[in-house]
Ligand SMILES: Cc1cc2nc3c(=O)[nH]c(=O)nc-3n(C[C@H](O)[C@H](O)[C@H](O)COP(=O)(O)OP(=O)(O)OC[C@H]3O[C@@H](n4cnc5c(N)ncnc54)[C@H](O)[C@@H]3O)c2cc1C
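What follows is one chain in C-alpha cells, specifically the form predicted on its own.
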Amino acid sequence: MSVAESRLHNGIRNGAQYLEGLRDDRDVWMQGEKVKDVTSHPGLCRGAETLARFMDRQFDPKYQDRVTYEDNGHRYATSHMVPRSVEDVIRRGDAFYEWATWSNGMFGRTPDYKNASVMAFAASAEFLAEGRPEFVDNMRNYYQFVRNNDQVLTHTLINPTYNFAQAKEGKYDAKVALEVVKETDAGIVVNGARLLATLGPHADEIEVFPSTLLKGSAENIPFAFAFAIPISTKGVRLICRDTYDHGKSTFDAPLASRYEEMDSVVIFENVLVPWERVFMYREPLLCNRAFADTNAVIHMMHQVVCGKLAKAEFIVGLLCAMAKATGKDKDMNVKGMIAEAMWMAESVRAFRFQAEALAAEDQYGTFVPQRRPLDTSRNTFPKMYPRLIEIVQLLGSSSLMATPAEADLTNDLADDVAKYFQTVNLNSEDRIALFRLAHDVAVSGFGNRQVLYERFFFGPQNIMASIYYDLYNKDDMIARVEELLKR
C-alpha cells in the first residue's frame, strides 16, 4: 500500500469528510458544460448531501452497531467484514437492509454494493494468482485501502456496443471499447469508453472490471483486465445523463430531490493505471470466471436482495396509504391488487431468508449465502418492479395528476386547495403530499428511471434467464420424471 493510499487509515468517514473528498479535479460533464463542483452543482448536490447524511449515520449510536464493526480499535463498514459464519452473513444482510431502508431502496447504489464485491475478491485473492502472483497482493492492498479510508466506489462493466452481432459473440471493437493501448514500467495505458457508472460523479474511486454476463474470447486480450483508480485520475471523463433533480422542494419532488444517483458514461483518454492497481490482465478466460469463482457475484446479489426487499416493502406501504386515504381499502378488488404487491415483497423476504440461513463455507474459508434464492430474486425482481409500479398507476389513476404544488397551499388559491383536494381520511395538504410521492414513484422521470434501472440491473433478462437455466440443478428433477416413466 502506497503512502498516499494509507494516509487516513481511520475507518468510517462522516459526511463532511466524504463531501470534502469530492472537491477535487474530477472531470464531470452535464448538459454540455463541465461541472466545477459536484457538491454545489444544482443537479448533483442534493444526491451528494443525501449520501453524506448516510455516512453520518455510521457514527449515530442508533445505527452504528448494525452498519459498522470494530477491528483493531477502528470502526469499519459492516459490508467490509469477511463473513466467517452464518451469523456473520446474517449480520451483513442486516447492515445491507438498514442502509437500504434509509432511502426505501430508491438510492440503489449505496457504497455497500461495491464494498461487497471488493471484500469478496480480497477474500479469494488466491484466484488472481492464475494471472500474476503480484495481483493477489494488489487486491488485498486495495481492499485495505477502501476499508480503511471508507471510500465510495462506482463501477463500469460494459463496453459500448458498436456492432451488436460482434458484441453477442464476445468480441469487442477498438473504435469504442476500453482497451490497453500501451504498457509502461509504471503501469498500463487504457483508452476507450465504458458504461454505465451509476453514482460516478459522487464516487471516490471507479472499479473497472469484466462484465458478469458478457463473455470475452481469447482474441480479446487487449480488452481483458480489471483495475481500480480514483475518479479524479487524469484522462478520466464522466458524461452524465440529464438530472432528475430539477430543484423542486422535497414536498413537490420527495424522491428526486433527495435520491438522484447520477448515471454516466466514462471516457478513458490514454489513462495510466499503476501496476499496483491492476488485478487481472491479458487473461480473457480468467476474466470470464472472476465473479463466479470468487463468489463476488453472490455477495453482490446478497446486498441487492436486501435493497429490493426494502424497496418492495416501501411500494406496499405506499399502496396501502393511498387506499386508506380514499377509503378504497375496504374494496375487495383494491385489496386484491395490493395483495399482489404484498406477495412480491414476501417472496423477496423469503429469498433473503433462505440465502442467509443456508450460507456455507467456500474453498477460501469465507461463508457465502446460498446462490439459488438470490439468483431467483435477481431474475424475478426485474419483472416484479414494473408490475409494482403499474399497480401504483392503476390505484392512483387521475389522482397521480391532481397534485397542486406546495406553493398552492399558501397562495391565493389556498382556500380552494384546502376544500377540493381533501379525502375522507386526509386533509388536502397530506393528500397532495402522498400523491406527489406516488407521482414521483410511478410517473416522473425519476420514477421511470427506477423502472429502467430495475429491468436491466444485472443485465438483459434473456441472458440472465439463460445463465440461471444453465446453473440450475436439473438432473435430480429429470431423474424423478425418468423414474416414473420406468415404473
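We number the residues from 1 along the sequence you see. The shown structure was predicted, so the numbers you read here are calculated from the model rather than taken from an experiment.
What follows is about the form predicted together with the named molecule, which we do not show.
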Counting only heavy atoms and a 4.5 Å cutoff, which of 359-367, 192-200, 304-312, 287-295 contacts the named molecule in the model of the complex? 192-200
Can you check whether Y63 is within 4.5 Å of the named molecule in the model of the complex, heavy atom basis? no
For A350, is any heavy atom within 4.5 Å of the named molecule in the model of the complex, or not? no
Distance check, I158 to the named molecule in the model of the complex, heavy atom within 4.5 Å: yes
Is Y420 close enough to the named molecule in the model of the complex to count, meaning some heavy atom within 4.5 Å? no
Among the candidate residues D112, E179, D263, D204, which is the single one with a non-hydrogen atom no more than 4.5 Å from the named molecule in the model of the complex? D263
Under the 4.5 Å heavy atom criterion, name the residues of 433-460 that approach the named molecule in the model of the complex, in sequence order. R449, L452, Y453, F456, F457, G459, P460
